[in-house]
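Below, in structure tokens: the form predicted alone, a single chain.
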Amino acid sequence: MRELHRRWIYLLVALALSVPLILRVSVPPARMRAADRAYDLIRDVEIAPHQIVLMAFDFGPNIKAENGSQAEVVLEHLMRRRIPVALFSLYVQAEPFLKSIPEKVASRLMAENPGEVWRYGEDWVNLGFRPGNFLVLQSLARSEDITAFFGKDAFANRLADIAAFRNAKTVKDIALLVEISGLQGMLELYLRFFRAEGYVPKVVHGCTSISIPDAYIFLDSGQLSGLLEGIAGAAWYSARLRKEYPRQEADEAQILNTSLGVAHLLIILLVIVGNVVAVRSARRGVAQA
């Protein structure tokens, strides 16, 4: 055991990660109370005919496993409730996900619910990547006509002609902000600049595991109304969706969370075995001396 080459350890970890992914195995995730708050908010939020929800995808391919899973489960919840969602990003690497994620969710929902249709322009709108960082948020918050502010969607369609945006006028018509990001300081930009006189939106945030401690500060202060903590938060949110909508199949969030859990258990086991072997070898050496 002491001479076990590290490449065998890497192989075991790779197998522990890949087998649940290949077999699409999922086990019930641990409860995440902050994700419960996000779920309850979106489940109970009332949307007037002129209101929309804004989702910001501020993540790239390197953190898609966590942020992408969070974006999928929250967007699925909103689309199940037929709440119109406007998607946009301040981060250029997120641009492909603004198109692929809602299309994936819509396809899954239509396969699950034959006869129902989720349409672009009615259920979601892709506003694309918007350069300018916090200046975009400042200008949006001050705009008297957000349809004119954005002008066109990512496919050059006039927002004034799109059903989901037809009645939205100011930032106060954005009933909820969902910000998904693992970038340092991105959440703070929204909390600081995405507000208007007499209006502070409810905010749900999805963060990577490494940035959870920073996000808890804003959750405890009340600036966040809900939080999805890494892949575990996305998996618990997905499990609650599955409980409310039993026909939902296990999605990537639950499968990825299971895969990581199996790998973590393997690492813990290897640490225990390694320490046992080390202690026994030390005792044997003392006895021989």
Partner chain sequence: MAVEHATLGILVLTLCMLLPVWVGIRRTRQGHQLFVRRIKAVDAVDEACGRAAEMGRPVSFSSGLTGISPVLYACLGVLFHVAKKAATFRSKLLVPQNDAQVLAVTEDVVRDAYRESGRLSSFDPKQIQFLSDEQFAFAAGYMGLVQRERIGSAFLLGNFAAESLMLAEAGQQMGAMQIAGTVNPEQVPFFICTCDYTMIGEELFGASAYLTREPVQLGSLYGQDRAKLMWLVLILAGTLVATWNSMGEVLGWPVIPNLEQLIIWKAW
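Only a predicted model underlies this, so the values are computations on that prediction, with no experimental measurement involved. Residue numbers count along the first chain shown, from 1.
Although not depicted, the form predicted in complex with the partner chain is the subject of the following passage.
When the partner chain is considered in the model of the complex, only one residue from Ala196, Val85, Ala175, Val136 comes within 4.5 Å through any heavy atom, namely Ala196. Val200 is the sole member of Met110, Ala163, Val200, Ala148 with a non-hydrogen atom within 4.5 Å of the partner chain in the model of the complex. The stretch among 118-126, 188-196, 72-80, 155-163 whose residues place heavy atoms within 4.5 Å of the partner chain in the model of the complex is 188-196. Heavy atoms of Asp214 reach within 4.5 Å of the partner chain in the model of the complex, making it an interface residue. Heavy atoms of Gln93 reach within 4.5 Å of the partner chain in the model of the complex, making it an interface residue. In the model of the complex, at least one heavy atom of Gln184 sits within 4.5 Å of the partner chain. In the model of the complex, Arg6, Tyr10 are the residues of 5-44 with at least one heavy atom within 4.5 Å of the partner chain, listed from first to last.
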